[in-house]
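Here we start with a single chain on its own, the form predicted alone, put down as structure tokens.
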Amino acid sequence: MFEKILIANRGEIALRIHRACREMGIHTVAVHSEADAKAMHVRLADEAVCIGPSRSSDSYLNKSAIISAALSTGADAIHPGFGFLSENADFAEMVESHGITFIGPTAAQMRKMGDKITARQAAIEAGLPVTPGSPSLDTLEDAKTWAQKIGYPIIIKAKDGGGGKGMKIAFSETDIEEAYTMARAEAKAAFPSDVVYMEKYLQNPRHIEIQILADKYGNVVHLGERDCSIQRNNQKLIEESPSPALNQSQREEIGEIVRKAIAKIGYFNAGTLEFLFEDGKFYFLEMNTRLQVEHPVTEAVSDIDIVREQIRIASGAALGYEQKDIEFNGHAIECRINAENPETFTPCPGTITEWHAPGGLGVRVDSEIYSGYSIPPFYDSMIAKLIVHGKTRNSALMRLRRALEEFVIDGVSTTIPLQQEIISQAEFIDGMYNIHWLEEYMRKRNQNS
């Protein structure tokens, strides 16, 4: 087992990884920007190294600075968390070339499954269901030709995309030029490549993802599904497990399909396969070759510490259990608490003047916020995750309602009022929502106000 792990991330996920390490008897190294010098994970880690100025490009995305910090502190391994360099194959390669273990898949696996176009082909070869789609689109004429083959509506996506960026919909031939041009422009501005491709656009799907763990010896398990359909601007706001949209037969079927596909692909460590689900059918969307923000809901229903398993797998340990040993218990729901205006979703950095996190049975809060903490304006606006667990979905909902009422965050605006509103709506209570529900609900509400 590793003696010292460098955590190449910030915020609640850096603290989450630190806690897993300490429970395993592993020392930690926190890296941080100048803006994060007083962050909680920096204060709690065994060692801390400042790796640059506040902007991500000068610190958390600075590969050389992170590797230098690992070498100077004698770290055995680097855990990248999520975001930043977590799916950067070049970084994983650099880490391994310096004799340090990267806690995640290999660079080759990351390139294969992290690239949306090659992942789509690998998914087809592994037997996963996919939507009709295209290869990379080099010209507008390519886009027009493929749109005719696939049939409108279509969605154009950035190959390296994420967070809803570089995605544009065309409902007819009159929309295709604008969609193609804007998708490439967004991709060029936000990602390493402006390469785009096309898929059939499903109009009312759910967003369902399957969590997997796989070791280096071919053992693979799935940890059930998460429903991530409550979204705004293609970014998740509330997630739950299991999905209220699936019956037991459907979840067992897709879980087994995914488990077999991952074994065939030869992938190891933690990963998530995302699907769109419509009219009883699943369509592979993409694979995240890293830890997911919403992993705690899976931990709650499976009682498996996914971060701990990531570390064990990277050290060369076998899983030690099979699919038949995984038992799912109850229902879990997660709210991403963002420092944002709950109507416009504009980020609201500032100083936390008062902070009180909810507690009690079945309530978990992942955050490194404290009273007096100043939220930097340079990073993602998520400041906490509230996770509740109950024996049934209804008991989890009641617990979530109570926990949101208890949550006190003063000094900045947050998404809590909107999340309280969402979970009181009949459609959400009944589980009758899709990926467009939130935006449609807010549009109708604002029209009537």
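In case it trips you up, residue 1 is the first one in the sequence shown, and so on. In this text the structure is predicted, and so the values were computed from the model without any measurement.
Absent from the display: the form predicted together with adenosine-5'-diphosphate. The rest refers to it.
Undergrad: Suppose contact means a heavy atom within 4.5 Å; in the predicted bound form, does that hold for all of M167, Q231 and I435 with adenosine-5'-diphosphate?
TA: Verified in the predicted bound form; spot residues all in contact, yes.
Undergrad: By the heavy atom within 4.5 Å rule, which residue out of Y267, F102, Y379, Y201 makes contact with adenosine-5'-diphosphate in the predicted bound form?
TA: Selected residue: Y201.
Undergrad: By the heavy atom within 4.5 Å rule, which residue out of V363, A185, L71, I155 makes contact with adenosine-5'-diphosphate in the predicted bound form?
TA: Comparing distances to adenosine-5'-diphosphate in the predicted bound form, the residue within 4.5 Å is I155.
Undergrad: Can you check whether E286 is within 4.5 Å of adenosine-5'-diphosphate in the predicted bound form, heavy atom basis?
TA: Result yes; E286 sits at the interface with adenosine-5'-diphosphate in the predicted bound form.
Undergrad: My question is simply whether G162 lines the interface with adenosine-5'-diphosphate in the predicted bound form - judged by any non-hydrogen atom within 4.5 Å.
TA: Within the cut-off, so yes.
Undergrad: Considering only heavy atoms, tell me if E274 and adenosine-5'-diphosphate come within 4.5 Å of each other in the predicted bound form.
TA: Residue-level check for E274: yes, a contact with adenosine-5'-diphosphate.
Undergrad: Taking heavy atoms only, is R336 within 4.5 angstroms of adenosine-5'-diphosphate in the predicted bound form?
TA: Taking the distances in the predicted bound form, the answer for R336 is no, it never comes within 4.5 Å of adenosine-5'-diphosphate.
Undergrad: Which one, 71-79, 231-239, 138-146, 176-184, holds residues whose non-hydrogen atoms are within 4.5 Å of adenosine-5'-diphosphate in the predicted bound form?
TA: Heavy-atom contact with the partner occurs in 231-239.
Undergrad: What are the residues of 48-81, in order along the chain, with a heavy atom within 4.5 Å of adenosine-5'-diphosphate in the predicted bound form?
TA: The stretch does not touch the partner at all.
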